[in-house]
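Shown next are two forms of a single protein chain, provided one at a time as structure tokens under the names structure 1 and structure 2.
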Structure 1
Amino acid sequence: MRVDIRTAAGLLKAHDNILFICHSNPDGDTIGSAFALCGALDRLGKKCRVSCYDRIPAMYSFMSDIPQSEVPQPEYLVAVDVADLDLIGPDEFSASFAGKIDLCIDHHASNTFYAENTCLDEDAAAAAETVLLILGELGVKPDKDIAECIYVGLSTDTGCFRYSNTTARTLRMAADMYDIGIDVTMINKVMFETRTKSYNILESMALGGIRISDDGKYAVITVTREMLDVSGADENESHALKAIPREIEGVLVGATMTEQKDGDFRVSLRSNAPADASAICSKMGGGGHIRAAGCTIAGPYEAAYATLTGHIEEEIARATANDR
């Protein structure tokens, strides 16, 4: 059932021993939103904890000041920024949560409504926007720690407020967090201006194999298991690669294909107008937003690449039909 902000807040108030679940390969929005909720409910005397199948990247370690409780037997499961149950983790892991998610707080139009209750705002730039509104209904004014979490969610899902999903509300919310006293300079440096040595090695390897279409309208970067092994980077470090293909002049669709341990490829798409990234990924069992979406394609590589670029070419042809 779809619920509004007030109802979502009421559900959180009515329960205890809450587990907030992030999506796998976590980003700043899923982590920041979950920790913000955890911090707010802790102040209301609730026992809660944040859970993620994958290791939370070290760059988000400054959010560890948010208090968490031991929740050995969760009574209420809340997925945050998770559009589809499959995104929680590998098939066997995510399947164990089937029919058990009590509440989903999300902003993806592709949400599959797998939870008993879903609080969804497709117009929000980040789940953190919805979370901040829920905090208001809970009567919790963000302190510095919670405000940092909200700002991380807002800034990372908007590319530090550069992407087209950024709205006036997004900027006002970010300004409100700034007024609370967060260290915006530190957060922006950590999120957007700091790269590990292993990432730099991975980036140079990945860029060396970039494939650009003959007409220059799409570009694909591939990250193989060998690249990860040689560079010493883990998959969580590769987030910054996702924006690179779209930044090439003339490119309408940029893709990053990351090889998984089972040989499949996790695909991250970024698009420029008028191409629709979500429309492309939805044809391959994924989804997301118009300008940012994702999916998983079965290997081997050349077959996966052909499948992906075939759908990209179809979308570009559709989107640019009126330009001919």
Structure 2
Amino acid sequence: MRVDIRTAAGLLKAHDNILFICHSNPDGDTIGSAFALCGALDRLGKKCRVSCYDRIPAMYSFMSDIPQSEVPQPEYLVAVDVADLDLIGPDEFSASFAGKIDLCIDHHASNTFYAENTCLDEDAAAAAETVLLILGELGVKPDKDIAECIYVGLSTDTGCFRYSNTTARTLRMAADMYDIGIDVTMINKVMFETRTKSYNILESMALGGIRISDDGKYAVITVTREMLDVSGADENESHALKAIPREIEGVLVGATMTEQKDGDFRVSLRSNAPADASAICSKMGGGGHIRAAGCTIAGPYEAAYATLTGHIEEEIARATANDR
């Protein structure tokens, strides 16, 4: 059932022993949103905890200031920024949650409504916007710690207020977080302005192997396990690469293929209008937003590359035909 902000807040208030669940390969929005909710519900005297299949990246370690309780027997499961059940973790792990997610708070138009109740705002640039509104309904005014979590969510999904999903509301919410006194300098630095030496090497290798279509309309960067080993970068560090292919002059679709340990390729797609990234990825079992989406394709590499570029070419042809 689809619920509004007020109802979602009511549902949270009515329950205890709450688990806030992030998607796997967590980004700042799922993490920041989950920790913000956890901090807020803790203020209301609830026992709650953040849970993620993957390790929370070290750059977000400052969020450990948010109190977390032991919740050995969760009574209420809340998925945050999770568009589909299978984004929670590997197949068997995700499947264990089937029919058990009580509430989903999200902003992906591709949400599959797997939860009992879904609070969905497809116009929100980040789940953190929806979470901030819920906090308002809960009567919780964010303190510095909660505000930093919200800010991380807002800035992650907008590429620090650069992507086209940014709205006036996003900026005003960020301004409100500034007023609370967040350490923006620290946060922006770790999120957007830290190039490790290993990232520099990885970027050099990945950029060196960039593949641009003959007509220049799409570009693909590939990150192999070997590149990660040689550079010393871990997969979390490679996220900054994903912004690059789309930025190349003339490109409508930019993709990054990252080789997984099991030989699959996790694909991150970014598009420029009029190409629809979510449409491309949903053809391969994934989804997301119109300008940013993802999916996973089985290896080996050249077969995965052929599958991916085939769908990209179809979408570009469709989108640009409509343009004429």
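Only the largest set of C-alpha atoms that superpose within 1.5 Å between the two forms is called the rigid core. Start at 1 and count along the sequence of structure 1; that gives the residue numbers used here. Owing to the predicted nature of the structure, the values given are computational and were not obtained by experimental measurement.
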TODO: Of these two copies of the chain, point out the form predicted in complex with another copy of the chain.
DONE: 2
Task: Core fit, then residue 229 C-alpha moves 2 Å or more between structure 1 and structure 2 - done: yes
